[in-house]
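Consider the single chain below, provided in structure tokens and representing the form predicted alone.
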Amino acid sequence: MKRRYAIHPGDYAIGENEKFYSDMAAKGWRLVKRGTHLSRFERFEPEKVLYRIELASPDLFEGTELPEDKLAIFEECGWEFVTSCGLINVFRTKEGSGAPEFYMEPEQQAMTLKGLRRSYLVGIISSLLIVAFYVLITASVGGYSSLGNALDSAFVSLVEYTALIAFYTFFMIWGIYTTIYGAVRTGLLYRRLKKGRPLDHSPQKRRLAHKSVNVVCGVLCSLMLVMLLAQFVFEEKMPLPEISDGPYVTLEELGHTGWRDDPMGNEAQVIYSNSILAEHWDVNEYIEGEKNAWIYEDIYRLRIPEMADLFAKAIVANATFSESEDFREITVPGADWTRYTRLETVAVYGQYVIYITYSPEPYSDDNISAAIKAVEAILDNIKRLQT
């Protein structure tokens, strides 16, 4: 293998980066290119090489390249320019070459940190602005209760796509942690240099706590990605059978006759998915005949039964056609509780949560009997599957 990639320390870890590249050279890997997170190396004869990093310190809106005259001075002093990425510029020279250090006074090097300090400050402000923007958007849509609705919607998404929401959450926490950690490390380095303490070009401190956080976050993000991929790979889409073979109900079982002919062109089907928190059956069907009818069903079997009530209330709060205050409680034999509007019904039975949007003909603003019949049929199918 003539080429390899390795994760390098963060931009804030100047001394650690210099030691990392020198250690790789001693193992026979010469640095070729530095990227945002990875460095590329090529196979070479092991050699003793000193690496040094010079930070670009551009003014706001300026480019990050080092001035040509500065590059020329470094090269004249025996430092070979290797690569750059963002504010990081990497130089090297053979050990014992006599090339002088970039700065004789630590206070001078402290001034080069201003661009890096600003970049981390911008990162922290950007993270806060993203959170604030999301809060403002959710608070400006749907009235005073919209923030609560957003949380309910997030809860529904968490149940349906647990791995996706968990990955996004872990990744955001990891990014915010890394940015804050980088800002703190840069600030501490700046203070040490300003006090006249020179940069340690070969630090030995291992910083196990920071590495542990990175490992844990990386493992969690990777695990969630694998589980998310598995959820999509094993998702099943199938034509809706005439007679239900799952917890859902068909319109024929509810007494409707005719032929399946959705005016929107959607095939009557069942979509079964399996997230970390729940199994989910998503069903749609439209029948055209002497009396048309259509039904959409979302049936969840929660792995944590104690979540059922809270999850059902979140569905009520985010119903498609109704406001939460439009729902009224009705009694369905066998169900723990049921709430109903003229089109939508939400029911809880043990660890199952049932959400039906159902429109039978003749249509009426008060289809309670039809809704009760649909929920009862679903409960019968659930009980049948349990035996």
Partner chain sequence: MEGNQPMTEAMYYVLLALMRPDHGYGIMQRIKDITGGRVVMGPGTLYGILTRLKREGLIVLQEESERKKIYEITDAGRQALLAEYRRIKQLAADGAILEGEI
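Numbering follows the first chain given and starts at 1. On a predicted model such as this, the values are computed, not experimentally measured, just so you know.
There is another form of this protein, the form predicted in complex with its partner chain, and it is not shown here; the text below is about that form.
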task = Find out whether any non-hydrogen atom of Ala72 is located within 4.5 angstroms of its partner chain in the predicted bound form, and reply yes or no.
result = yes
ask   = Taking the shortest heavy atom distance, is Glu68 within 4.5 Å of its partner chain in the predicted bound form?
value = yes
request  = Give a yes/no on whether Phe102 approaches its partner chain to within 4.5 Å in the predicted bound form, heavy atoms considered.
outcome  = yes
query = Does at least one non-hydrogen atom of Glu76 fall within 4.5 angstroms of its partner chain in the predicted bound form?
reply = yes
message = By the heavy atom within 4.5 Å rule, which residue out of Ser126, Gln269, Gln108, Ser157 makes contact with its partner chain in the predicted bound form?
response = Gln108
remark   = Only one of 296-304, 279-287, 77-85, 246-254 sits within 4.5 Å of its partner chain in the predicted bound form by heavy atom distance, namely 77-85
